[in-house]
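One chain follows as structure tokens, the form predicted on its own.
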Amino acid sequence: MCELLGMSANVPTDIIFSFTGLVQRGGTTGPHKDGWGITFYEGKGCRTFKDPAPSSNSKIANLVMEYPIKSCSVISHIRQANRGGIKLENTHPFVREFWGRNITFAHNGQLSGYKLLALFDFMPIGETDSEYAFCWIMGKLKQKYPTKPKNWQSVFRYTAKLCKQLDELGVFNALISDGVHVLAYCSNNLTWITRKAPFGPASLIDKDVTVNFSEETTDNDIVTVIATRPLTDNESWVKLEPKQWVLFRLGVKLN
């Protein structure tokens, strides 16, 4: 199985602390050594870094950890391959354009019978069940919204319904973002935490690193982090129930 990491914040924030914990699970403290990726949103644009090498010894991952890109929405993934070879095209996150917004998707789990789902307009480049499912979601969104949607929260509520359908095909933990919203859908394993004033220290589980967020933030900052498993051992993470989903906008939970 893979692991997911997402962030939703009300101010541009770097994710170096959380990402440092995640990359250790990609071959050092965990078995997810078949590639990794991360997408940062910046305004209407986004930049994605991917590498089919283990994240724990990836030079590109080191670059990301040393280069504090600040973003309000981030999606990241470390892979333990089950369908599709260890190749760049099979590495998450996947990105597609929808009504002038970059939609980013990452998935943890395994699906069966997914090729019975009809695809149109959006086609996978790689061989994974994850990208196939994402293309199906995007096609269904295009059917549902033939004109530009006015309410993007309704788009994500409909996307959550599509995630529930895919959940019937196996395990489907997923993160989806348009750069403003971050949708987290839980099939069996997903957690989240919102950090806001008063801020305090946080210590990583997978590496001996502690950050005192009161020295790095302002009282107005709101930062939500979503992860397959908690990344810190001195904070209270919320564990989602199976088939539960949450939607965040700029760090704030909307449902």
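We number the residues from 1 along the sequence you see. Since the model is a prediction, treat every value here as computed from it, not as a measurement.
One more form of this protein, predicted in complex with a further copy of the same chain, exists but is not displayed; see below.
Chemist: Between T48, T210, T28, T194, only one gets a heavy atom within 4.5 angstroms of a further copy of the same chain in the model of the complex; which residue is that?
Modeler: Spelling it out, the residue with a heavy atom inside the cut-off is T48.
Chemist: Examine L117 and determine whether its closest non-hydrogen atom to a further copy of the same chain in the model of the complex is within 4.5 angstroms.
Modeler: Close contact is absent here: in the model of the complex, L117 is far from a further copy of the same chain, nothing within 4.5 Å, heavy atoms only.
Chemist: Does the 4.5 Å heavy atom contact test between L88 and a further copy of the same chain in the model of the complex come out positive?
Modeler: Yes.
Chemist: In the model of the complex, does P124 come within 4.5 Å of a further copy of the same chain, counting heavy atoms only?
Modeler: Yes, P124 lies within 4.5 Å of a further copy of the same chain in the model of the complex.
Chemist: Counting only non-hydrogen atoms and a 4.5 angstroms cut-off, does W152 reach a further copy of the same chain in the model of the complex?
Modeler: The answer is no: W152 has no heavy atom within 4.5 Å of a further copy of the same chain.
Chemist: Could you tell me if all three of R83, L250 and V252 have a heavy atom no more than 4.5 Å from a further copy of the same chain in the model of the complex?
Modeler: Not a single listed residue reaches a further copy of the same chain in the model of the complex, so no.
Chemist: To test your reading of this chain, name the stretch in 198 to 206, 222 to 230, 185 to 193, 38 to 46 whose heavy atoms come within 4.5 Å of a further copy of the same chain in the model of the complex.
Modeler: Checking each option against the 4.5 Å cut-off leaves 38 to 46.
Chemist: Just give me the residues of 84 to 107, first to last, that have a heavy atom within 4.5 Å of a further copy of the same chain in the model of the complex.
Modeler: If the 4.5 Å heavy-atom criterion is applied to a further copy of the same chain in the model of the complex, 84 to 107 yields L88, E89, R96, E97, W99, G100, R101, N102.
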